[in-house]
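Taking the form predicted alone, here's one chain by itself in structure tokens.
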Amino acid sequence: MAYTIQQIADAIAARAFGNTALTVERVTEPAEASAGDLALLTNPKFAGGLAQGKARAAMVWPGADWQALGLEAAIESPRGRFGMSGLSALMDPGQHFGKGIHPSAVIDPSAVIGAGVTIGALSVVGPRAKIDDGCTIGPHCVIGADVTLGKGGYLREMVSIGARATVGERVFMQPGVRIASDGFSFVTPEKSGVEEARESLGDQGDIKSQAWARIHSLGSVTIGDDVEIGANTCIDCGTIRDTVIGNGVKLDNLVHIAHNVVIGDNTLLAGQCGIAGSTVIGKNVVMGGQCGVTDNTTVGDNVIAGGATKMMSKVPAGRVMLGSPAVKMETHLEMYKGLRRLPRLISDVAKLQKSISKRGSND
């Protein structure tokens, strides 16, 4: 769909310059732009790419001399990356799932379907499920018994939501998301080697071979409003109470949230993070890729953890963490500097030992 420069600027609360009636249909990188594209140029270091493309208009960085760049029109956003949020939403062509309920969808007669709901091909909606107004459920999705899906929910293809889960409004789930699978909870008839090792910090005692018995998940999952969940991310049911995901939480691809976990509002977890059972994550926490948190612990509000950080004990609010096991980032950097100095230190000690040895032989 084509938009004028002025329409785009108005939609994203930005300023428009030049020929604001100029229309564009796509957003592209400067070097690949055609005459009908809007070049994305929010960083001056990529300005050279304009000469390789044919863009007549661009979204530029604050204070850019758009006329000197050879443009007919420009959009200036005070914060370019934030401007991209609104711009990408406006220009997104979508998944083309169509409208209404596909004839091949299987919907239990007791399910309640709101107004303006789209349900894709071969999807299944279970008994007593409630799908609120304006939801889109892509093809091959499964909505379990007694699930509640709030207004404006958007499920990409092959999402499954297990029984009794509650999902808030405007929740976006990428392909392959699995909500409300059983928690990984197993127990042995007698104390296991794992329990012995945790109590003794290493000694298993008398080793016995024991079978594992399943602890069923009686809880489900509760998800707040405005949550986004990445592809192939899994959130387990709680054992007795629900696993809880707060409002505004963003989970990347391949994240695993175990049973009984509670995640506070507006927390962001990057790809391959894993949160072990019964752990509480605070509000506004950010974890880089491949972070891990042990079970039955707490991570405070506003914690930031660099990629691959492994948090094995309680983390106070506001800390910036790095490493495995996790320590304050500044401490980790000092430790790393010390590690890099070790070869030189070993060489210096060896020279000192040789010097002392020679002196002793001379005596």
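If you superpose the two forms and keep the largest set of C-alpha atoms that fall within 1.5 Å, you have the rigid core. These figures come from a predicted structure and were not determined experimentally. We number the residues from 1 along the sequence you see.
There is also a form predicted together with another copy of the chain; it is not shown, and the following applies to it.
- Taking the partner from elsewhere, every residue among Asn266, Gln290 and Leu342 has a non-hydrogen atom within 4.5 angstroms of another copy of the chain in the predicted bound form.
- With another copy of the chain left out of view, the stretch that reaches within 4.5 Å of it through heavy atoms in the predicted bound form is, among 111-119, 69-77, 129-137, 238-246, 238-246.
- Taking the partner from elsewhere, Asp146 is found to have a heavy atom lying within 4.5 Å of another copy of the chain in the predicted bound form.
- Contact annotation for Ala13: none of its heavy atoms lies within 4.5 Å of another copy of the chain in the predicted bound form.
- Interface residue remark: Val349 is counted as part of the site for another copy of the chain in the predicted bound form, having a heavy atom within 4.5 Å.
- Taking non-hydrogen atoms only, Ile223 never approaches another copy of the chain to within 4.5 angstroms in the predicted bound form.
- Shown without its partner, the chain has Gln95, His96, His102, Ser104, Val106 in segment 95-116 as residues with a non-hydrogen atom within 4.5 angstroms of another copy of the chain in the predicted bound form.
- Positional change of Val349 between the shown form and the other one reaches 2 Å or more at the C-alpha, relative to the superposed core.
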